[in-house]
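In structure tokens, the next block holds one chain alone, the form predicted on its own.
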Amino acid sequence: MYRVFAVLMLFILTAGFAVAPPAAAQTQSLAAQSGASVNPHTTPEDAEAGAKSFRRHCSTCHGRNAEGFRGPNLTTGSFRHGNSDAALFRNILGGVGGTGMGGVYLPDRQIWQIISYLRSLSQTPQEAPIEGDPVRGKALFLEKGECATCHRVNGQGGRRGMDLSEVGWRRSLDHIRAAILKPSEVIESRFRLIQMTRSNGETVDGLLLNEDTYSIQFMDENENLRSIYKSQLRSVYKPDLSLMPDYEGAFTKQELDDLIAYLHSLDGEPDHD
């Protein structure tokens, strides 16, 4: 009797594993269950509702107005991992593998409304045309601005600032301009300064990487990764400032336009510098 029961249980469990779809298949299935490959919720009221859902669930990574932050700028109407309504639905629901984009588990209607909101952004011009010359801008980036001291582009440059290899895809023109002119107003938390004073009076500065109960991990001015015990410190100060200097007034209007044009051209695609 025991053997019959064991065989029966094995059959049930094995059958269960055989029919259980993998996570990716479940995501595809859920997208298919929405019953549409084209957005069925496209009224102005849907877009307005989508804006509220976006700010609640998506703005942490993509910015309050979808102009980019940790995630890419979504206002252009061009989406790297699929431009159709169905592709956007799948990417929101199931995430995008190999990126920081995880799935957002919302009712179908709310997802479609978010898509309507994103479509509405690309229907209205969000930015003025680019007026600068990216070739001249690249020279400014490397020479007058000395930007490569802290920033990397396609593996070349420093590490104390944001990697700019995809900045044209990830940030709007307005965000790029603000980051150059007033960097402390758009600084990301992972690039904040930390200033420490040891018990012997020695000062140590760097970029805060991590902090736990007993120690602080940071990158010093020579890009060395360091750790220091809090018991060795007299004081710790975290100014709300960017390591990047304020460039307002450092460039002429034409130079600034050229620099922004170069940065906007950096979209991570292999045919760009």
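By rigid core we mean the largest C-alpha set that fits within 1.5 Å across both forms. Heads up: residue numbers just count along the shown sequence, starting at 1. The shown structure was predicted, so the numbers you read here are calculated from the model rather than taken from an experiment.
The same protein also exists as the form predicted together with a small molecule; that form is not shown, yet it is the one meant from here on.
Segments offered: 213 to 221, 232 to 240, 60 to 68, 41 to 49. Contacting the small molecule in the predicted complex at heavy atom distances within 4.5 Å is 60 to 68.
Interface residue among 94, 157, 132, 183 relative to the small molecule in the predicted complex, by the heavy atom within 4.5 Å criterion: 183. Put simply, residue 202 is far from the small molecule in the predicted complex: not one heavy atom of it is within 4.5 Å.
Mapping the unseen interface onto this chain, residue 121 falls outside it, with no heavy atom inside 4.5 Å of the small molecule in the predicted complex. In the predicted complex, residue 81 approaches the small molecule with a heavy atom inside 4.5 Å. With a 4.5 Å cutoff on heavy atoms, residue 244 counts as touching the small molecule in the predicted complex. Remark: all three candidate residues (88, 150 and 176) come within 4.5 Å of the small molecule in the predicted complex, counting heavy atoms only. Annotation: Cα of residue 245 displaced by less than 2 Å between this form and the one not shown, core superposition.
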